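The structure tokens that follow cover one protein chain in two forms, given apart as structure 1 and structure 2.
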Structure 1
Amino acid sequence: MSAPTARLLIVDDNKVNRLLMSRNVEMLGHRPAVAENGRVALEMLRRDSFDLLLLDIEMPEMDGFQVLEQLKADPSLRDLPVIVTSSLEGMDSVVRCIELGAEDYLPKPVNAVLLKARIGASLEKKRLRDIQREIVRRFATTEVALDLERSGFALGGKRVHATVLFSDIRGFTSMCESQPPEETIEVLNTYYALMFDAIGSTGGVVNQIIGDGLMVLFGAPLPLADGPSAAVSAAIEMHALIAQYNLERAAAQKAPLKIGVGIATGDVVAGYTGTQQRATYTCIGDTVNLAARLETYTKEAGRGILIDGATQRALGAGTPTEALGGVQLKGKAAAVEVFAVPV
């Protein structure tokens, strides 16, 4: 079994050291590149992608400590594993390197067996970190993944102004009953592909997928200039894409898909809920409940898109709406002003 080839950058101001380290790296089956000081190394790291950095400390122009500081401050390079190789003596320089984020410290002259073990361990850790990040990206949205990377994970939320959109498929339960589950999954996947397409181009973030339902946030976790307009545009686009898809379904003698969309705007509390072991990014608050109730009410009202007053007032004159008056929604004490957006 041979380990996969990795790309390593060797930084050392001394030519003999560079040659010997390159040789060691090559003999381990990896591809070395060299830089003669920290400044050159950073240029190379920003231009090309590397799996691991072997860093000397004592160098002219920019020393190893400065390189470590710069790497730590750069989000795109922060996770690059670094093994410091130096003949600097004294525990304090070792401690300083580790504190600055170096993965490991190898004294020079470097022992080839030890180097092999350290490189192997560092690359394996990097591989696991990469897998972990990939999982986070797949099961959280890019925005949440970014927020997690930037701010770290902490339970609790903060109050933000956002627009919340709920959407689901009408008659989904009976559709499930009348066709094989394989076909339902196929329909669902097509539906999600279309919905994500409509939402993604407007700046919305799909926060939850529950069965045939979607919860989409506009303005959280990252602020958005005009959430209400973006949400309504997304809803109109969703209906347009579904109408197109229904033409295909009609050609295949399949019943059309119908969706309902509810949108509300206001303050929400956004953040991570759950436990330290398992948590999810979500928004809670009246605005969220209202959007969900409006979506449910689309069935009763026989409308494709319903929005609340706050969303309607934020829309420009270019988007026509129809006032449905005050509606007594389930779970709401007072009547709520409801508007329909024609589709």
Structure 2
Amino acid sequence: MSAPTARLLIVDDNKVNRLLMSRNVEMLGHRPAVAENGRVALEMLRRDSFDLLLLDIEMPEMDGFQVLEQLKADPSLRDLPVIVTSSLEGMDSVVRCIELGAEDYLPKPVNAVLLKARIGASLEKKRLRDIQREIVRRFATTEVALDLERSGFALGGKRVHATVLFSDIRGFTSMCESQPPEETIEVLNTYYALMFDAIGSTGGVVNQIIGDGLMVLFGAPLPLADGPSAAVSAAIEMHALIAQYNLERAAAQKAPLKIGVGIATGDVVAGYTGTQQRATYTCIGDTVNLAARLETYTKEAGRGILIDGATQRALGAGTPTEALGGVQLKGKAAAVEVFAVPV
């Protein structure tokens, strides 16, 4: 006998119905769990993971309609497929269940052949939805994926207060010219893994990867309590991880990597740009441009991390910084107050 393929929760106040349905589910190769009413079912759903819900309607404490309403209102549960099994007669009950998000409605006594077909179809829909969600999360950040699930997709943006970080590898072009492309890809993948670890641990969202360059957001698409401190902490950790990686490179007689990081804080417009067929989540505004200019200026200043005045003022006294004075950055009409963070 093949291994069980899915975990199903059976919700019915009748003990005999629960036993019979559990037996049918087991014979189909799935793993059943049972709940005697809607309240218990919701507790189980929020505590454990299930692939499908078989739901009765007429139950004490919380009926099936109330369960469907709770599922629909919960972002973590609203995509769980539900097959209603009920003895209620009338098209109104069927319509109400479907409107509340049920996949299907089977009258009692449930036909075993029909049950098998409905369970198979519902699990296949869930499998395809899970694949789609995984693809979105792979090619977008978790935060962007959550934003899409909660708000849906729409071109346009909104003004938010955020901290923007840019970084890149110093001398990357020369490195590419001096080694095979396969080795460059290996270096980049290691670099990305290290940088993503530092950024993710502080709440940052990698918005763009351009060659060896990264654009990172702190405070968009989801709010972040202290974006400036999180961004500076990420930058410091990025440098620490590169230093550790350089020990391995030195042992292999490879040249060390050096990175530069620019950070700026202020209002940005964040949202989806592109077309209905192809779009990306991004931020635009003077804060974004300033962070990019600061990253470029790290080469001239000979510093690993440069931040603007807004970021420095938000850090407080706990993080040491060095004032570099007003700097005329490329593309800026007025001098910019620049600070270096020691690494």
Partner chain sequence: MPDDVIDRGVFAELQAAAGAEFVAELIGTFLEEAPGLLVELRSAAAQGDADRYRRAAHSLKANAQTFGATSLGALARDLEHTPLSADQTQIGSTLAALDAQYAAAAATLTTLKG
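For clarity, a rigid core is taken as the largest C-alpha set superposing within 1.5 Å between two forms. Reference numbering: structure 1, starting with residue 1. Predicted model only: the values in this text are computed from it and were never measured.
The first of the two structures is the form predicted together with its partner chain. When the rigid core is held fixed, the Cα atom of residue 23 travels 2 angstroms or more between structures 1 and 2.
Once both forms are overlaid on the rigid core, the distance between the two CA positions of residue 71 between structures 1 and 2 is 2 angstroms or more. Shown in the overlay between structures 1 and 2, fitted on the rigid core, is a CA shift at residue 104 of 2 Å or greater.
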